[in-house]
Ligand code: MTE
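Taking the form predicted on its own, here's one chain by itself in structure tokens.
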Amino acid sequence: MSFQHLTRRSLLGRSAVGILTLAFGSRGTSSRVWSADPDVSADLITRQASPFNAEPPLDRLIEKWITPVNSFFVRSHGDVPELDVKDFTLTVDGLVDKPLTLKLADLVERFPSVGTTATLTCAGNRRSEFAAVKKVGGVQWDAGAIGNAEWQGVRLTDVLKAAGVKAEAKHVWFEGRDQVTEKNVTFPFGGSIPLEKGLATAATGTTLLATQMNGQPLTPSHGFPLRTVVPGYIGARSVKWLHKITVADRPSPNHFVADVYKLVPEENADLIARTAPIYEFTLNSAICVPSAGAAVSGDRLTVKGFALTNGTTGRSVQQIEVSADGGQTWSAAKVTSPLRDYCWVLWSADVALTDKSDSLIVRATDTSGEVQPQICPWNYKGYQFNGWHKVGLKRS
């Protein structure tokens, strides 16, 4: 059966190796270009039309611990690339003994298939809340630029070992096929991670070269046919439409590593150059139910949301607290989802209200003793907002 005769439904019903062998194998296959994504839900809230960036309504975001693909936020810096998947290849070069060039079918047939569950969150999630101090540029996310998925693919460490990493190597660079244009200059999106992260082998923390999301082939908006998934790191390090891996002795010079994803107080080229890139995401929590401005009555209210610990290995959320009186008193929330490294938790709390309860706030504490700060320091690029999340109420 040639690829052009495969329906999307028949593709979804096959194993990962079978899908990729049919789609990318060299015998009897035809080219297929993916330039649009039928699986992007119309219910997502568009934050930027071109390139497309969108997040789900918060109440829908937390309906399940595993976020359905059509409820998963979409973060793109350029348009979805038009790819001829039959000719799509992954190259591995740089500080390696044996540079590799792999077709996608070769990749999944040569290396063991593994899976991991991991949360991805944009470094700019909750960026819109910085406006209370001073608005920053960039996509104005609410708290929905986050999602938790089951990812399947091959381990980056297996591919690197096959290439033979040289002793002086310290970082792994990723390059996607999407093209970004800024100030009339066009260049590919890229990321990089420290080598030790790329070589991690723990089942819940290994860096994946992913081909599937929630048991289905990646959709175009989520990086079809290949992307990285780096558990515990901001989403910008999980590069979509991956086609090139370079092993090096320093972080990538790509614009999105060298200049963009950094915490700085001002636009200053020298300061940015001296500042280390953001890797791990930060301790955070948010209220998703009730929605902001909801009308409430009575003396008790069920509040629901998510919490996420710092991306450091071994940390987990220890306590989640909700207040209906501005932080004078707190009610403990109950975790309602699995606890797993590099994954968010969902929670629910039964909160007492008074006649003066005009808002709700939430904070989280992790097992290291870190407490979510009441106020997040402002930064020029609007990253890592993690102050107490506040939702206004209307008493009825």
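One-based numbering along the sequence shown. Computed from a predicted structure; not experimentally measured.
Another form exists, predicted in complex with this ligand; not displayed. Remarks below refer to it.
Comment: 117 to 125 is the region of 157 to 165, 117 to 125, 282 to 290, 304 to 312 lying near this ligand in the predicted bound form, near meaning a non-hydrogen atom within 4.5 Å. Checked against this ligand in the predicted bound form, the residues F189, F130, W173, F224 give one hit for a heavy atom within 4.5 Å, which is F189.
Checking K262, H77, K86, K244 against this ligand in the predicted bound form, a heavy atom within 4.5 Å turns up for just one residue: H77. With a 4.5 Å cutoff on heavy atoms, V92 does not count as touching this ligand in the predicted bound form; it lies far away.
For V257, no non-hydrogen atom is located within 4.5 Å of this ligand in the predicted bound form, even though that partner is not displayed. In the predicted bound form, this ligand lies within 4.5 Å of some heavy atom of G235.
At least one heavy atom of V239 is located within 4.5 Å of this ligand in the predicted bound form.
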